[in-house]
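Next up: a single chain in structure tokens, the form predicted on its own.
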């Protein structure tokens, strides 16, 4: 497990900024309350086998006693680097994104299952949407009871969504909590 280099850090922060905007500062400067240390440390990003983890510094210090090949996971996995070197957020980052989301979309109960099966969000299934969403902005998808379901990329702006037909795509699916069942071997 090692710290991210400059290029990797840039890619991770750009992707997170797409979803949380200026709330990225809250993620980076979040104090940690884990471990026996009287002084809480901070959370940091670490890389292990092309996977990026969000973990407290005190946990990282204690994990140095474990061999790298024996260490499976540490903290919360927020994403991974693909074979081409691009960073991709994974579903495990949903709690972090939902707590700091800049743009949100709420689904009607009738369209929740469709989204959880990996389909895009259609205008007909949209319950509410935050203002000032632009195309290609990162969007966190919630149920009407404020339970985070997943995240994706906005296909249209908030203004365009009001004028479009019910079968138009509003959010392009990237990840959802149904992946825990569909891809349990890969996670």
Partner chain sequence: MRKKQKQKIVLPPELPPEVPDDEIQVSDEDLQFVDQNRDYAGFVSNLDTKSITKHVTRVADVKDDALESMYERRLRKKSADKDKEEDEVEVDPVDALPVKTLDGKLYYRTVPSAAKKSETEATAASEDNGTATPMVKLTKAEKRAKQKKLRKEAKKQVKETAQSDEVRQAPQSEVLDEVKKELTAEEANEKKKYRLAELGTALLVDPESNIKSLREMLQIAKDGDHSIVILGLKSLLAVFKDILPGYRIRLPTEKEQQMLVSKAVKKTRLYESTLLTAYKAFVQKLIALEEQAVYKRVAMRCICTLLEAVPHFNFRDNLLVAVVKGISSQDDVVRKLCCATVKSLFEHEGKHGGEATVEAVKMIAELVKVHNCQLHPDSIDVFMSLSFDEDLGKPESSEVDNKTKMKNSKKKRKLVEPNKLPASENKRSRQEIISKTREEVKADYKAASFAQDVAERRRMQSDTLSAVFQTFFRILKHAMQSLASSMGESFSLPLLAPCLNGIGKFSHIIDLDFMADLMNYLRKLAGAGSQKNDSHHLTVSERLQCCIVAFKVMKNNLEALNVDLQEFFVQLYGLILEYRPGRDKGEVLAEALKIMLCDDRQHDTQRAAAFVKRLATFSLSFGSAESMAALVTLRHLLHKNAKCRNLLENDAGGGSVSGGIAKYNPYATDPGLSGALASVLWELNLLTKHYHPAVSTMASSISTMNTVGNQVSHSNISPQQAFVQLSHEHESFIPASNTKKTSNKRKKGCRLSFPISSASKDELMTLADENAVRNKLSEHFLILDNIVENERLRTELYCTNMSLKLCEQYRKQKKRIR
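Numbering follows the first chain given and starts at 1. Note that the structure is predicted; figures quoted are calculated from it, not measured.
Form predicted together with its partner chain: not shown, discussed below.
By the criterion of a heavy atom within 4.5 Å, residue 149 is excluded from the residues contacting its partner chain in the predicted complex. Although the partner is absent from this view, residue 81 stays clear of its partner chain in the predicted complex, with no non-hydrogen atom inside 4.5 angstroms.
A residue is said to contact a partner when one of its heavy atoms sits within 4.5 Å of a partner heavy atom; residue 119 fails this definition for its partner chain in the predicted complex, lying far away. Within 4.5 Å of some heavy atom of its partner chain in the predicted complex lies at least one heavy atom of residue 159. Checked against its partner chain in the predicted complex, the candidates 76, 90, 111, 100 yield a single residue with a heavy atom inside 4.5 Å, and that residue is 100. Along 4 to 27, residues 23, 26 each place a heavy atom within 4.5 Å of its partner chain in the predicted complex.
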